[in-house]
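Only one chain is shown below, in structure tokens, and it's the form predicted alone.
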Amino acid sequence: MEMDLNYILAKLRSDGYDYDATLGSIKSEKQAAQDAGDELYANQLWAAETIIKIHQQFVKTFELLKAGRYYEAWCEAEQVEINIQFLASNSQEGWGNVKDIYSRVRQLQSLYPYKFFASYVMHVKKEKCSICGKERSIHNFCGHRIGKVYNGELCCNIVTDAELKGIDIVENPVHKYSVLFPSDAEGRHDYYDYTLVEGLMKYWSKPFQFWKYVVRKVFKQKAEFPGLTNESYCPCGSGKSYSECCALNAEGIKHWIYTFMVEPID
């Protein structure tokens, strides 16, 4: 008798849900389906397993944010995003279970101050398919496509030999975890301004609580910034000097007001 996956998925947002126990049951069921050669059911179980992992990772992201561990939360949110992308490409029905989480993650990422990332330039010499184990290259296609699920397992490349060629600094990275943390004059490692994330966490009290934000642009006058000179960094945050930026704007200094709208909790 097959598991009632719809019943399981309907309970995922309950307080105190035991994700590990459910994942253990799903894993055992999937192994049985694989052993029986029931690929359709194994793929359905992979989708359910991925949905559960996404919920679990999203809860962990929330908990890390509450603890003020912002970079760790950023990395966990990236894993949520990656798993949702794989799920969406293999199960449209599964995508429907997590598309609101995807929206929250993307909004959360937009509140972070990270601007520059390391991009690793690699020369991959050898890699093999995770499904069949065969060596794969541009001239040697094993028949399995990266990112597609086969008999309950996601196909990916396993790199067995590679050489690091260099590191570039980019603004739109392939891997979002590769944030650059340059030290300041006092030797501090992480001195990013997390004001917007902190502002959200004043109101976001439960993981699956709905929230969004809107941004309004206003203009302030120089008198509102004591000590501001032409050589100072512009208060608008552009990174340019004041004389090269908002000093040239007749309306004043650009300023953005973020308003958070959070679903009330009984």
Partner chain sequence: MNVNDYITIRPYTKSIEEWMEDMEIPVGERGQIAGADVVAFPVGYRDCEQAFATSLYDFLAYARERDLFKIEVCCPEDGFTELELCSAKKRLGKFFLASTITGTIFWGVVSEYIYDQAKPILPQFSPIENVRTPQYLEAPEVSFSIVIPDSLGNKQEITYDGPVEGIDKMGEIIKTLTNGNGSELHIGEVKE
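In this text, rigid core is short for the largest set of C-alphas that superpose within 1.5 Å between two forms. Residue numbers count along the first chain shown, from 1. All values derive from a computational prediction rather than experimental measurement.
As for the form predicted together with its partner chain, it is not shown, yet the points below apply to it.
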{"item": "Non-hydrogen atom within 4.5 Å of its partner chain in the predicted bound form for each of Lys60, Glu93 and Ile158", "value": "no"}
{"item": "Heavy atom of Arg216 within 4.5 Å of its partner chain in the predicted bound form", "value": "yes"}
{"item": "4.5 Å heavy atom contact, Ile146 to its partner chain in the predicted bound form", "value": "yes"}
{"item": "Glu78: touches its partner chain in the predicted bound form, heavy atom cutoff 4.5 angstroms", "value": "no"}
{"item": "Non-hydrogen atom contact Ser119 with its partner chain in the predicted bound form at 4.5 angstroms", "value": "yes"}
{"item": "Contact residue in the predicted bound form, from Asp100, Asp193, Asp168, Asp190 (heavy atom within 4.5 Å of its partner chain)", "value": "Asp168"}
{"item": "Stretch 92-123 - residues with a heavy atom within 4.5 Å of its partner chain in the predicted bound form", "value": "Trp95, Tyr102, Arg106, Gln107, Gln109, Ser110, Tyr112, Tyr114, Lys115, Phe117, Ser119, Tyr120, Val121, Met122, His123"}
{"item": "Rigid core superposition, Asn157 Cα moves 2 angstroms or more between the shown form and the other one", "value": "no"}
{"item": "Core superposition between the shown form and the other one, C-alpha change of Ser137 at least 2 Å", "value": "yes"}
